[in-house]
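Same protein, same chain, two forms; see structure 1 and structure 2 below, as structure tokens.
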Structure 1
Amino acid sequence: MDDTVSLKGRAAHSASRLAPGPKGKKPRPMFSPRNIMIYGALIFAAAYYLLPLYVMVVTSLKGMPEIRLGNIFSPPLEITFEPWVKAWSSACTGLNCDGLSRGFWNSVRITIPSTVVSIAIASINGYALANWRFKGADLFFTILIVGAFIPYQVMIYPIVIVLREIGLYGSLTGLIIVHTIFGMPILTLLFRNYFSSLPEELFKAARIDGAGFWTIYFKIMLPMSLPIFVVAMILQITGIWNDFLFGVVFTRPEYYPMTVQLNNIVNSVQGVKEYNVNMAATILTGAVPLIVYFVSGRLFVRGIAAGAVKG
């Protein structure tokens, strides 16, 4: 059909391609009522989502006298970075006045090993489930996935007891174990689905060549799965950094992660409220996941979509 059309010249050809419907590039006026409505609604929504971020930044750059006078939406008359310095190095939680930096480093010390350990374990689990299924494996996996829906509160206290028995309650190691446990359902699912989607011939060929469980994992599966490892990392880094409940339950105050310390700083009842310091501290705490989010872009979306489609 296209051949006959093409004889009649380029213009006719492209015209016939336009005919069936809106798939082609039909020129639309930029300011049609329809467009104005769509973009108007989107921009309005965008403003709602951006407003708190704007308010945070603006407030953190003002001095306290200016905050007391002006409204929270006005840009700072005099920009000061003092609240940031104070939030980082000298804001008080109870008796400690060494700022949010302690929480930051605690969170780093929690997030990095938790991410590594949970991904290592979950990827091996996923691999075993996808390629080396043994009897009963599916049952355990089902329990794991159903367990992902159980509220954490139901399982917290038994874990406290177990950790206390093995002497890890309150330590960083204990918290890392907890993050590994609760990251397991979603990560295992992620890896299982990914490994299942790889061509089975690859696995069979390696088996015929005499490769065993670990050789195939390290030599074939791992190098082929970098994207999914990145997705898992994004999921875990943001998830663990943002955690509050486990940090507060399973660690001693000197190991409190950043979120817990932030909450203690802002919601402390003593002293004069320094809103600019509070907002600087809030931005500092949100900075890590935000950076991960902006840098990773589409992979983040893929991660949450994978996290969302359970079962």
Structure 2
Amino acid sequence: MDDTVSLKGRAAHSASRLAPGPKGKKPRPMFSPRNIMIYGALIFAAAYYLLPLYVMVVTSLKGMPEIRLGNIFSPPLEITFEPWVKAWSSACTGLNCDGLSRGFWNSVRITIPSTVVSIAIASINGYALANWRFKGADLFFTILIVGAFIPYQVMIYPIVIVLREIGLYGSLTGLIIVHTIFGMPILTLLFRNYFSSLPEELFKAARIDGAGFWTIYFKIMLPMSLPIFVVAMILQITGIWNDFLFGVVFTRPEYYPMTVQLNNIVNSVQGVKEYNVNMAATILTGAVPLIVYFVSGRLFVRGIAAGAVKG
């Protein structure tokens, strides 16, 4: 009997030792000094960037009599979309009173081909530099690196001369060429680093199977490269759509992109300064890159983390 009780006691003791218990670090309190500092900094940064956007939105929804009261932070007492309509279709920039609509379609005609062509060429360049070691590849890559950090202002005058000589100065085609060329170095760097981060065994296995340059590119590299293509797309769309300098230098008034039209509307000296129209025009101009980023932002982060900034 005593032996039975002893065995049961040992079994219970062993079971208590083997029973799973809580593991891992002790959870931190929600309002610890560390959390307060982190979330406080994040809230401050968010407020710093969101407050101007809030002012722009509420101002664009007010009429001029309400704006003259002077309280820029108060919500509109009576919401009106007339400033948005005027900013889009009838705001005046000098002799023209067609708002941002013409500049919007010019920006679309500039951004789409510039983005597609520059990404297509840069992806092929990056693929060749990463996987096909041709003679002079290191020199070519060094030139691209240098080109990526040359200030745009240094190259403006020579490019104006070149475009004038070939008859493309002041045209949309000339501006598309300029954006394509200036986007090439940094995009090539991104694609080269991304393709270098992919398993080399895939490339070698394809070569053993007899696949050539274009077969490997289209059937192996492209299907695995969606994140970096999204990164390149966001960078190009944001840079080209928000560009002002190239748009005002390399085009004529009838081909001005949206940013130049916005500048002309905001700085117009004719009549009363309509702050609600200016705010609506500013939001309309920045809407496209914001939408693109919010739609594909997760893929953007994946592309950066997957090797876009690896040396």
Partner chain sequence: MTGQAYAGRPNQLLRNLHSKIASIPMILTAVVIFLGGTLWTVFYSFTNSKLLPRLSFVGLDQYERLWAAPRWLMSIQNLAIYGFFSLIFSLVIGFVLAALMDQKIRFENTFRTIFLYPFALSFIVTGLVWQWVLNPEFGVQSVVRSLGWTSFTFDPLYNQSIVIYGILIAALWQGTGLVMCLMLAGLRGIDEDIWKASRVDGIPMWKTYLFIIIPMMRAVFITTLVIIASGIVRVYDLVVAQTSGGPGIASEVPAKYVYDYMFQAQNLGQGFAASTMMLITVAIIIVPWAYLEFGGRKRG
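Not measured: the values here are computed from a predicted model. We call the rigid core the largest set of C-alpha positions that still match within 1.5 Å between the two forms. For numbering, take structure 1's sequence and count from 1.
Of these two copies of the chain, point out the form predicted on its own. Structure 2, not 1.
G210 C-alpha moves between structures 1 and 2 by 2 Å or more, core aligned: For G210, whose C-alpha is compared between structures 1 and 2 after core superposition, the shift is 2 Å or more.
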